[in-house]
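Only one chain is given next, in structure tokens, and it is the form predicted on its own.
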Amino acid sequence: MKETSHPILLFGATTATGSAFLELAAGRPVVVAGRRHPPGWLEDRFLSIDLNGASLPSPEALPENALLVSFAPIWLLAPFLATLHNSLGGQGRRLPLAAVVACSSSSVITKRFAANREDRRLVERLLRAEESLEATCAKAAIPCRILRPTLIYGQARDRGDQNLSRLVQMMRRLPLLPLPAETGQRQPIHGRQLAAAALHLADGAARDPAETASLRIAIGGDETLSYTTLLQRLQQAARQRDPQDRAGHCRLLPLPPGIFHLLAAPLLPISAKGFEAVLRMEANLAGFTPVHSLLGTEPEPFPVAPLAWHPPTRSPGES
């Protein structure tokens, strides 16, 4: 699909996926919105907006007929956009947007029946934000696309992930890693793939402005593999990068389910969320739309480079 001529208003540029998006959208008119100016980004293409704050940008500061793409927390974006829509409506104006593409999380699906309260609250917060964003876009007659990615990983520029990079760090610290004998399936998606999907959907929505019905798309990588195979692939990549990397030499120890659950049990009184995360190794968290089918490209086997070998200095979702 050819790109459109619409400018892009990007939130979440300081995340790994946001950094990848800027690389993919190089040469296009992009305005970055957020609290911090990305290093090296032009001052006249930066709009200072704090999604946590109550202040709104002036209508003149917003690019006209823009594609809003967001990798910032959707629970911050949704109330901001609702407030901005109401404020502009009071002035007899409309949101100057041609389409909205926002990143949510597959947690809204995979943690829906979680036993711990923290995960259930996350699901509720995500669902409320998705519904609010869709309602605002419906009032403004703007196409809305909500992506629900699973297990985002990878690096773009100096930004990494807090998912698979943490597993690499754990395997570096431990001589052996106990696992259930049968682990569930995963469908990790690289940040660059997610960025490409967001850009593709934004351009597509702008090309068909009459199609204002919202879409929620659960999206994953091109390859579905077991949790154990995922770890083995990470180890292989670590050894190829550095034969001495301790992550590549951690022994994966498959255990019968009863013994594995017994070993995990001491976590329960310390962290119910952590205990449930360990047990999720056995759950199938896959079956999402593979990104290549959305983009119309060839499938990419896991892992897609570049990988992040160290945790990021800032948490994902910062804008």
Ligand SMILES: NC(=O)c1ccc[n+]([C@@H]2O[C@H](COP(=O)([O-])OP(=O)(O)OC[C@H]3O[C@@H](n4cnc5c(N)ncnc54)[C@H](OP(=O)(O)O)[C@@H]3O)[C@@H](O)[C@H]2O)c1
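These numbers come from a predicted model, not from an experiment. The first residue of the sequence shown is number 1, and the count goes up from there.
Omitted here: the form predicted in complex with the ligand. The next part is about that form.
With the partner removed from view, the residue among 231, 97, 156, 151 that has a non-hydrogen atom within 4.5 Å of the ligand in the predicted bound form turns out to be 151.
For the options 137, 195, 202, 103, the residue carrying a heavy atom within 4.5 angstroms of the ligand in the predicted bound form is 103. Using a 4.5 Å heavy atom cutoff, none of 7, 30 and 68 lies near the ligand in the predicted bound form. The ligand in the predicted bound form is approached by residue 51, whose closest heavy atom lies within 4.5 angstroms of it. Within this chain, residue 290 is remote from the site of the ligand in the predicted bound form, having no heavy atom within 4.5 Å. Residue 13 belongs to the set of residues with a heavy atom inside 4.5 Å of the ligand in the predicted bound form. Among heavy atoms of residue 73, some come within 4.5 Å of the ligand in the predicted bound form.
Only one segment in the set 43 to 51, 282 to 290, 252 to 260, 269 to 277 has residues whose heavy atoms sit within 4.5 Å of the ligand in the predicted bound form; it is 43 to 51.
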